[in-house]
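In the form predicted alone, a lone chain appears below as structure tokens.
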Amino acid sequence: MLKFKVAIVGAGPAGYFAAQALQNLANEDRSFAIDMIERLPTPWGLVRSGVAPDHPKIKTVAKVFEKIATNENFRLFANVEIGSDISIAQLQEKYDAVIIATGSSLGKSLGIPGENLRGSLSAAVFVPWYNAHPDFVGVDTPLDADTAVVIGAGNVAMDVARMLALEPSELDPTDTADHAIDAFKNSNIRKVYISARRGPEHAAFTSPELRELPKLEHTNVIMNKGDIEAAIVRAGDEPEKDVKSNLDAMLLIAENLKSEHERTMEFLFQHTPKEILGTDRVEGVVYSTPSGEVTIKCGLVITAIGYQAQGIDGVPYENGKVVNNDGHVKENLYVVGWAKRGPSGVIGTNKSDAAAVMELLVSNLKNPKGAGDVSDLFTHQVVVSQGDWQKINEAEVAAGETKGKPRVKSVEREVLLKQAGL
């Protein structure tokens, strides 16, 4: 039997689905020893630090990840950073194949004046802040104004707006970071605008997300009915299925006039941001619209206009993603997930994507290398194993049980390592 060694860099959905695909491709002729390398002390990527805490069902995919990790040929090396602790070149020497599954962690910028003012944030910073990502605990998030603007027309923008517009006690039974719940409870924000550059027919929201909005118990959700009706006309008699689902869901929102709550989420379409106003901090946003220039006063602006991958030495990047040919980068280097195709699709999209790349990878394998064990290279840093992670996981879940939450996430690396017994 041929025993191949494969390294996966990044312990998010794309990484786990790649591991699962390899496990499924093992047979009596070949096996795969899989080492997953993760920068943080905790795995699961966006399922832990990206998915909105008030959507706990989406996080249940973590059960699949944990099942993949129980395979005897799987090892986790967390709290290990590519670049400073180990290089891609070193991994390529040690393994028969190396898979980049690092996602897209950098938020794209608008490139307009005022974007660097205090109170102007990217969703790539704000989302991990409320999700207890260790690198974003101290993010300056001013919530003292009464109005916030979210710029973007995808599910991330909607998640961000929802988190700002919810009655904060609704977050008590979730795994939102404690520091964020405290901040939201002290927040003065009562009005949140979501602004999209194009019309409703071009929005990248998904209809299940839109259909959940009218269920918000303490928040008015407003869409201009005229905007939606005009978009339905522009979309024509046979719009694509997802466009029709979106527009149907939006029309329901537009017709569902709620105005009894003190918190409001309002959608603005065909609003192109031109400038963020302010001297020391955000004071408003100037938009161009079909009917002229409009200024919205606000004290917080969050942009959710897409992500791009962070570069790694030894890996070619272009337009915010890894340069690849159907997932093959060069030599024995491959890429999956957002780092491969850009930030598109839902968590499940990574499964079929990873399966196709793993088929290609396996077809290219010849003879195993057997070039020593990667753990020989980790002499200085504290490495979190799968067993160590399970201790962290159990401690967080136990802390959550007493508060009626799925877990209480630890946010500081020192605390996480202590929970791991390291």
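Treat the numbers as computed from the prediction; the structure is a model and nothing was measured. Residues carry their position along the shown sequence, with the first being 1.
What follows is about the form predicted together with a small molecule, which we do not show.
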| query | Is G152 close to the small molecule in the predicted complex, meaning a heavy atom pair under 4.5 Å apart or at it? | reply | yes
| query | Should P239 be counted as a contact of the small molecule in the predicted complex, where contact means heavy atoms within 4.5 Å? | reply | no
| task | Spell out, yes or no, whether the shortest heavy atom distance between V156 and the small molecule in the predicted complex is within 4.5 Å. | result | yes
| Does the small molecule come within 4.5 Å of any heavy atom of I58 in the predicted complex? | yes
| Among 74-82, 288-296, 304-312, 165-173, which stretch sits within 4.5 Å of the small molecule in the predicted complex, heavy atoms only? | 304-312
| said: Only one of G103, P128, G327, P273 gets a heavy atom within 4.5 Å of the small molecule in the predicted complex. Which one? | reply: P273
| task | Consider the chain as shown here, without its partner, and state which of L213, L110, A180, L121 has a heavy atom within 4.5 Å of the small molecule in the predicted complex. | result | L110
